[in-house]
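In structure tokens, one chain follows: the form predicted on its own.
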């Protein structure tokens, strides 16, 4: 394991201990145990049935796609997938838990013993990994959603009730708020890559609970502060801020009461983003509070070999192996690779263009500089562009072949975006073919020199910066069509002849 950083606070030294539980909604077509559509939003309580409302006599049926997504996620996160598993009932009272219990998995979760590598390096640094172990991934259903109208009433929307979730439980391997946020980022990126979730944090598709306490050393004696479980954080900033606040709060509390952690005791807290502080919600003594029982309406079941192998085969290439391959195959920098692989759709889009072009590195430059700028400015997705990877590959090759200059390529790119026309058609339409014929460019250089005697006098007096200015005049006279390299060389040659 990686060494844990030691912090100091006055006469105390301490380590931060964080484990995370991430709830992630799966992109199945239907809910976990019924045929209601699994989709976010819509009019409240319009996608419900007796099963997801837990009405008497309703019988849940496990969705095959639900279990398969869970297994795919397990393989992607390095887990072992159990052949034999079952569901249980977890009892607790909450207004949006319509049945009074949640169908989940207790002692036989679908996935166990996984691990992910979180990258502690910044985006333009060589990767520096830390392993975070995953204890288990279990299947469970989501609950409804409370809607609180200020100054009015509270309402419950059960459209979310029964939406399929996985809960990913880590070991307490994280040693800082930043590592906790990186863990959730890595989980989100991985599960989005395999298409298991949309990872939409604002809509609550992923929420993180952080269990945090401190190992404090005072005068050679070791203490463990009581664990706080900070619930339902749905942004990386919230995780960092809440854990940072909780470290300070627990240190201050330790100085006051020297309370030591006792097994099974946990305080459930919420994060008040506006106030920037954690708030106590309830205390929880042990799992006995949940009164787990085997779900009587769903028989334990065994997954077949073919089911498991099919799930394994659907994982595909994960983000980090893809980064390593891009770096090796296309000679890209760490920054380029990290940016191009932030989303699977972007990585695939780039690779289609790279494979179709003679110069993948230049393709990467165009995607990173021009395509991403357009997506950000217009706040659109790749699917909404009129251009395809073939457009970028063709544009790059047109520049590489010398048919048009880099400056002209910017104009072609702009027209591609608006019309969807291929670069060759645009170049032909506007007569933009680059002139590389030396004799033609020499003639233009001669005209420019004849028209600008003052610039030539300046050069004779030692002002060498006129080289660029004269080259610019040649490009202007050629309407941007002269090969820039040839134009520069011919200007320099003619200036040398003046001496």
Partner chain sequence: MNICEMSLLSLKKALDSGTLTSEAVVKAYRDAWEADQKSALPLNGYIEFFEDAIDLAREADVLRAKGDARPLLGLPFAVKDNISIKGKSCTCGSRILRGYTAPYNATVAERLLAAGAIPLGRTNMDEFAMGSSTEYSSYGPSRNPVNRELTPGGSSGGSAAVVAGGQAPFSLGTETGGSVRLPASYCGLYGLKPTYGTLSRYGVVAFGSSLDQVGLFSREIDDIGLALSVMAGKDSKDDTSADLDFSALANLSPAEIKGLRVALPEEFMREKGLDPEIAAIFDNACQWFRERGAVVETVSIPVLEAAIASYYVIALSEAASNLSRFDGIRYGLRKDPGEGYDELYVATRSEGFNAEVKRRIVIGNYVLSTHFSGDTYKKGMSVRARIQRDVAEVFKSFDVLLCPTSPTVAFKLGSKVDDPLAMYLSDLFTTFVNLARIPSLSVPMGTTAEGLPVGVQICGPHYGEEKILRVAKAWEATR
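Being a predicted model, the structure only gives us computed values, none of them experimental. Positions refer to the first chain, counted from 1.
The same protein also exists as the form predicted together with its partner chain; that form is not shown, yet it is the one meant from here on.
Contact check for 54, 95 and 101: all three have a heavy atom within 4.5 Å of its partner chain in the model of the complex. For the residues 89, 323, 207, 344, the 4.5 Å heavy atom test against its partner chain in the model of the complex is passed only by 89. Only one of 376, 154, 306, 313 comes within 4.5 Å of its partner chain in the model of the complex through a heavy atom, and that residue is 154. Under a 4.5 angstroms non-hydrogen atom cutoff, its partner chain in the model of the complex lacks residue 220 among its neighbouring residues. Within 4.5 Å of some heavy atom of its partner chain in the model of the complex lies at least one heavy atom of residue 58.
Residue 293 belongs to the set of residues with a heavy atom inside 4.5 Å of its partner chain in the model of the complex.
Within this chain, residue 472 is remote from the site of its partner chain in the model of the complex, having no heavy atom within 4.5 Å.
The stretch among 377-385, 396-404, 269-277, 156-164 whose residues place heavy atoms within 4.5 Å of its partner chain in the model of the complex is 156-164.
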